[in-house]
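Take a look at this one chain, the form predicted on its own, written out in structure tokens.
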């Protein structure tokens, strides 16, 4: 899918060179404190900000060599707080830029609990509802353009996809992202602030601090109390019998 070969950025905000692979069927969370470079890294992964060191290769081909229309078949980016520019209906915005079947639109709206909003103007929706609409649009872009010969469902990049959602919708969205990754063999990358969501739902985590990936691996390898205290300056309660097997982080009072 997407492979990083010592890829980085030298101009501010900079990203230290890093290597790795984004894998189909996997949900990867990018976490880190405010200003760590998470959104900048996501922009580099998408190709909107070309890497200035090393190289990114999508399906073995340098990312910067992909024609825009072909790249749109393989990569979709949902940025923070995307605002619709016109008074579209929800189902119209989901299909924008694609030629999806009615069945696919209906499936995506159902996946994200948006069916009852299909005919509503997107300008009348709440922030959390619009956020889910834009995520559905990103998924629609990839799935509607997928060719029969495609080995996977493409790369879906999400910048803070849960920021405007209540706790119930956060959980439902994260479960759905995992389902899409498995069902469609998508590689899904999400920038997350909530470490509990990242630790509960992500297959792997990249921890970014001051533009550098300082830890990566399975959630239990990355989200250790010592690392979190060091990077975030957060005070955590020591584990006890009630929290030792919990995926949630206990903050000190």
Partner chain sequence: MISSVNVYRNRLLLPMNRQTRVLVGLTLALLIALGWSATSGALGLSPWMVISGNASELSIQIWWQLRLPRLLLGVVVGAMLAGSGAAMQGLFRNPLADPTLLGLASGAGLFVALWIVLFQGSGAGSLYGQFAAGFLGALSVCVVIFAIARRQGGGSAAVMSLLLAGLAINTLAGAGGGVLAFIASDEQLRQLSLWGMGTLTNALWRTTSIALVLISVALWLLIRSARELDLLQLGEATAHAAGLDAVRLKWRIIVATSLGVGLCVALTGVIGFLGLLVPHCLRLWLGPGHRLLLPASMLGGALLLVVADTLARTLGAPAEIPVGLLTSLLGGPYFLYLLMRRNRAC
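Just so we're clear, the structure is a prediction, and the values are computed from it rather than from any experiment. Residue numbers count along the first chain shown, from 1.
Another form exists, predicted together with its partner chain; not displayed. Remarks below refer to it.
Its partner chain is not shown here, and in the predicted complex it never comes within 4.5 Å of any heavy atom of residue 166.
Although the partner is absent here, residue 82 lies within 4.5 Å of its partner chain in the predicted complex, judged by heavy atoms.
Using a 4.5 Å cutoff between non-hydrogen atoms, residue 69 counts as a contact of its partner chain in the predicted complex.
Using a 4.5 angstroms threshold between heavy atoms, residue 127 stays clear of its partner chain in the predicted complex. Only one listed stretch (190 to 198, 219 to 227, 32 to 40, 45 to 53) carries heavy atoms within 4.5 Å of its partner chain in the predicted complex, and that stretch is 45 to 53.
Proximity to its partner chain in the predicted complex, defined as a heavy atom within 4.5 Å, singles out one entry of 144, 89, 171, 115, which is 89.
In sequence order, 134, 137, 141 are the residues of 129 to 143 having a heavy atom within 4.5 Å of its partner chain in the predicted complex; the partner itself is omitted from this view.
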